[in-house]
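Same chain, two forms, each on its own as structure tokens: structure 1, then structure 2.
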Structure 1
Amino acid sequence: MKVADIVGGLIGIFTGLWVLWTSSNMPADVVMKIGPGFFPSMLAGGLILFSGALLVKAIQGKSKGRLESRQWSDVGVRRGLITLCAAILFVAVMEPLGFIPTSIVFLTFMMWVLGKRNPLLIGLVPTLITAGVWLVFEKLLHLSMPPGVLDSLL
């Protein structure tokens, strides 16, 4: 956890410094003495303080907890990365392609990634889940889902 805590502490300090700098460019208030930048500056100070404490503890070797080691070759790590890419793609194409096709393809792909190989199962379950979610949101709750390419059919 030591290296992770050092990196976390540094990220916290740099985030705090950036907020401090941005807040310093905000206009001051003549009545209250404190303007829109006051509260963020105060919070940035707190973040820098605790990030610094984490950094110091990590350098002193007093980091708490143990980080489960993960290698790029681990199946879990690869699944995580594939899921991340699939999730980004899902979000990017959900509106232009539409919820129904995107969701069916995503669920089928993810079930395959997570080890399902039965063609009947990975062919049927994603369609049923998508249809269920669509019916509940679109028909029961009247909340519109992106129709995408199926616009003329739905």
Structure 2
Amino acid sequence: MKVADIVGGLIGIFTGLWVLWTSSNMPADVVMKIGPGFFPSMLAGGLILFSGALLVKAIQGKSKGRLESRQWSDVGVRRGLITLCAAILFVAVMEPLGFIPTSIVFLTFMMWVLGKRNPLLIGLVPTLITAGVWLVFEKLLHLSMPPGVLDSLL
């Protein structure tokens, strides 16, 4: 487990540093001084902090647990791969299609992948979550989300 924790800690630190570097190149908002890079920078800082803690514990020999092998036939592995592919597709189509329709479809699909089959919940939860996120970012924080196909309506 020690080697896995060291590798995981290093991957987390380098990923956090990459996000910090990328988000520092995003333009600052003139009015609020909080630009689109604020939240990714905060998350990257947390990722670096906790990855560093994992790395230190592994180096000190305080790693816990044991490494278990996984098979492609495991449900969790398949769900993880499906989630990764869906997240990549979500990011790829968000700009042209827009945040609202893309997020509703993504969340609906993820609920289905995770085994939620109640039609009322599948129809309601993604719509409410997407509307809530859109309202917070667009109206409260004045950060623009990609309008996409809804550009004329928003």
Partner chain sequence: MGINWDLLVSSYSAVFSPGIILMICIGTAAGITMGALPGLTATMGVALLVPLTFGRAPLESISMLIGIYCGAMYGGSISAILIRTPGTPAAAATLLEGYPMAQRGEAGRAMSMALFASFFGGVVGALIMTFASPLISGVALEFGPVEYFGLAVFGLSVIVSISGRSLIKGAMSAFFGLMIATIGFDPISGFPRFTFGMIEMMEGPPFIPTLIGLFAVSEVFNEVQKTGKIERVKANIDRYLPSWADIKKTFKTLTRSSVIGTGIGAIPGAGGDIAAFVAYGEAKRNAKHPERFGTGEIEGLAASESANNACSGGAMIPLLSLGVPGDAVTAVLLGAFVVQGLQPGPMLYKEHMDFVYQIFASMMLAQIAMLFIGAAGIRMFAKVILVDRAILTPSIFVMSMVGAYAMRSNVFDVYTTLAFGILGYVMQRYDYPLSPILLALILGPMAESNLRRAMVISGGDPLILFSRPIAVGLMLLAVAALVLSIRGHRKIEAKLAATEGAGARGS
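Under this definition, the rigid core comprises the largest set of C-alpha atoms superposing within 1.5 Å between the forms. Reference numbering: structure 1, starting with residue 1. Given the structure is predicted, the values throughout are model-derived calculations rather than measurements.
In this pair, the copy labelled structure 1 belongs to the form predicted together with the partner chain.
For the motion between the two structures, which is treated as two rigid parts shifting against each other, Pro119 and Ser51 do not share a part. 68 degrees is the angle through which the smaller rigid part turns against the larger between the two structures, based on C-alpha superpositions. Superposed on the core, the two forms differ at Gly65, whose C-alpha moves 7.1 Å between the two structures.
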